[in-house]
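Before any questions on binding or motion, here is one chain by itself as structure tokens, the form predicted on its own.
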């Protein structure tokens, strides 16, 4: 599933390509992709003729602010992609929504597994009210306040979108390795030094991942707006590296499972 770095890459590209352009056609061929609306026409009506003012992000959600009180929201789910294509281009397989912009390119929402979605909301975004703050925007003191009083396992805390929004399984593993903290350590057991390390690791890992335009794994399901892969996977230290030596201490990366997810960590330096 695309996480913060991948969605931030898409946000930046969408802002560069479509800000200031007017929507002149919307086609929906996959009803499930606009399932929050009573029908495809209800979705389309709120977009036609509207101009894109700016593109923002909240956690893993893209927010396309329009020249009205509405916001077009997109979530990639497990396999969703947004693709910039030449105007009038044929739709590739699994293209469920197509948005055309006057004088610009078309935008296709492609989603083989159909867990992603697009919907139009008002500026208050009540559907996203449950999301916590963005990890790139919180400082050490606030992160400590969110983490240090909880008995929950540290990785579970990082992935709880109501506490911190945007971090998923992959970047949680990488952040915890960078901070030298075990994924199953309770948040309330962290010392001030641990919180400082966690804060620095969060900003460093996510910042580097954004700079390298995200991570594209073996399934190749994440691509940027132009169909190109990210490169941060080349810097992964533990994620999906079970049995390979840790780049820091040489211990073999281990794998455990909790809450139905795999945890990759180094038993040598994540104590």
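Numbering follows the first chain given and starts at 1. Please read these numbers as outputs of a predicted model, since none were measured by experiment.
The form predicted in complex with the DNA is left out here; the points below concern that form.
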Quiz item: in the model of the complex, does residue 32 have a heavy atom within 4.5 Å of the DNA?
Solution: yes
Practice problem: With heavy atoms only and a cut-off of 4.5 Å, decide whether residue 248 touches the DNA in the model of the complex. | Solution: no
Quiz item: Does the DNA come within 4.5 Å of any heavy atom of residue 144 in the model of the complex?
Solution: no
Quiz item: Taking 4.5 angstroms as the cut-off for heavy atoms, does residue 112 touch the DNA in the model of the complex?
Solution: yes
Exercise. Decide yes or no: are 3, 93 and 259 jointly within 4.5 Å of the DNA in the model of the complex, with each residue judged by its heavy atoms?
Key: yes
Quiz item: Of these, 144-152, 81-89, 192-200, 102-110, which stretch puts a heavy atom within 4.5 angstroms of the DNA in the model of the complex?
Solution: 144-152
Quiz item: Considering the DNA in the model of the complex, which of 241, 46, 65, 60 comes within 4.5 Å of it through any heavy atom?
Solution: 60
Quiz prompt | Residues of 157-195 having any heavy atom within 4.5 Å of the DNA in the model of the complex, listed in sequence order | solution = 159, 161, 168, 169
